[in-house]
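In structure tokens, the next block holds one chain alone, the form predicted alone.
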Amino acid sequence: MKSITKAIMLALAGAVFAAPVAAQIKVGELNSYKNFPAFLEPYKKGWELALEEANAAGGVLGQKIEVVSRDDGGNPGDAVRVAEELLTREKVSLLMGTFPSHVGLAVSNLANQRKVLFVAAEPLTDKIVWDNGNKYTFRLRASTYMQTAMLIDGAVKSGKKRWAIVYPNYEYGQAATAAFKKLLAARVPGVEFVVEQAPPLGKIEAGAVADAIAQAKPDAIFSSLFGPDLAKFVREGNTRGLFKGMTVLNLLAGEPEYLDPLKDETPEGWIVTGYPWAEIQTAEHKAFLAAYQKKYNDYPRLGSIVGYATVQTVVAALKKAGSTDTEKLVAAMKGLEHMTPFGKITYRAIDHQSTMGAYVGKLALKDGKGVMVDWTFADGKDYLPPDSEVMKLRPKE
């Protein structure tokens, strides 16, 4: 009798140890964490929070989601290698992430070759959905064109006609400059672009740039600088009095990751895109803010929103597709709608661009630090070119 009981116990124990581990859907994520920590550390916190919430709610398709994350080195070659490893070694079902535009374009090209879904979280380049757009790539963040278009009203209302332009000399900065010149020239007859300064990303000689702009005697400045380049330009411009009485537009400068380091050097009155996190009162943002602060005891940055919404997109696509099959996921992404902390977004079937918007306002000083004031929310769908133009820009699949 004892031997029978022992045999049953051993059999049951064996059954426990032999029980299969619950299946997981693996998602490959890659980003330039070491190169752009100000944006990407909050971004990672954002997607980790969304992942935790999704899995706590039961996951998707009866499975939990696992994100396998890698640093892509901030350059296209390393990013392609990392993406290949995620696909071949980790057997991920899809890819998400990337930050710099040239890295995003490289991974997008690989996704097209390997026929795998790629949700481009952050790269702002217009090419990723237009000139170099492909069947397998969809982009979350409001593009360079969209955010530039959001600032055009401010440029027009200023009445200024002599513009200086300063931008980081790579795909994002080049695209922002091209869009600004095109959009402003269409609305302001006689506009002049009197000087352009295009320092390499991360290597600005800000004093020389400020001097060159001052010598051209512009009425206004359009800038797409961000991060340390922006901080150096602000400091040197303030020292020289460059911004006094000057209309200045700057993409991204109202995002906390770039605004907060300016502190009391924040130039007041600049018209910017950004994220006034402490003042947004929509239900979806308040819920996100409460969850984020509870988990991290910190306030969110724009990167936090992007990371959070990227995982929301992945979850929504998997649910709609009802499968991890790539072709079903691609079909699900076309016209996909879901809520984000910035409200509902739609991934347009025509160009795979989401309609996520951005906040537009002015910079001001409050208690020795920079804030956004007089801000409004610009819905992304209102700042895209007409379908007829998009069809000319995007190659046929």
Partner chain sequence: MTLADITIQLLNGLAGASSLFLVAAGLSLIFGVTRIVNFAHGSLFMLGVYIAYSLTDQFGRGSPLAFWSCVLAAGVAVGVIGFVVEILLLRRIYQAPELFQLLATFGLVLVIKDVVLKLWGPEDLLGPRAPGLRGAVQVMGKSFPEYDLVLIAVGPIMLGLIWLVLNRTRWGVLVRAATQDRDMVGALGVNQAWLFTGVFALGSFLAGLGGALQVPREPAQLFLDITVISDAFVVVVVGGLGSIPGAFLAALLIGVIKAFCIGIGDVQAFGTTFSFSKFTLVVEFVVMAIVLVIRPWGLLGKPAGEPRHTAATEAPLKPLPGWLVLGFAGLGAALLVLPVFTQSYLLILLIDVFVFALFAASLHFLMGPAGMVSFGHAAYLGIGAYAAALMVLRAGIPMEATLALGPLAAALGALLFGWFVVRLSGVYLAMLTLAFAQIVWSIAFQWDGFTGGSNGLIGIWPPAWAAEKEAFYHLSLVLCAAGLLALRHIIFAPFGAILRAGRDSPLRADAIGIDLRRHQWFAFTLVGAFAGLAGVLHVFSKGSISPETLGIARSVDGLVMVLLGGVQTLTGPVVGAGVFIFLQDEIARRVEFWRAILGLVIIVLVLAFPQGIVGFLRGRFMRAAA
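Everything quoted here is computed from the prediction, not taken from an experiment. Positions refer to the first chain, counted from 1.
The discussion below concerns the form predicted together with the partner chain, not included here.
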Quiz item: Of the options 320, 161, 114, 135, which one has a non-hydrogen atom that comes within 4.5 Å of the partner chain in the model of the complex?
Solution: 114
Quiz item: Of 125, 304, 224, 98, which one comes within 4.5 Å of the partner chain in the model of the complex, counting heavy atoms only?
Solution: 125
Exercise. Look at the candidate spot formed by 178, 324 and 379 and say whether the partner chain comes within 4.5 Å of a heavy atom in all three of them in the model of the complex.
Key: no
Self-check item: Contact label in the model of the complex: residue 346 to the partner chain, heavy atom within 4.5 Å
Solution: no
Quiz item: Does any heavy atom of residue 328 come within 4.5 Å of a heavy atom of the partner chain in the model of the complex?
Solution: no
Exercise. Examine residue 209 and determine whether its closest non-hydrogen atom to the partner chain in the model of the complex is within 4.5 angstroms.
Key: yes
Quiz item: Is the gap between residue 334 and the partner chain in the model of the complex 4.5 Å or less for some heavy atom pair?
Solution: no
Practice problem: Choose one stretch from 277-285, 103-111, 152-160, 304-312: the one whose residues place a heavy atom within 4.5 angstroms of the partner chain in the model of the complex. | Solution: 103-111
Quiz item: Going through 340-371 from first to last, which residues have a non-hydrogen atom within 4.5 Å of the partner chain in the model of the complex?
Solution: none
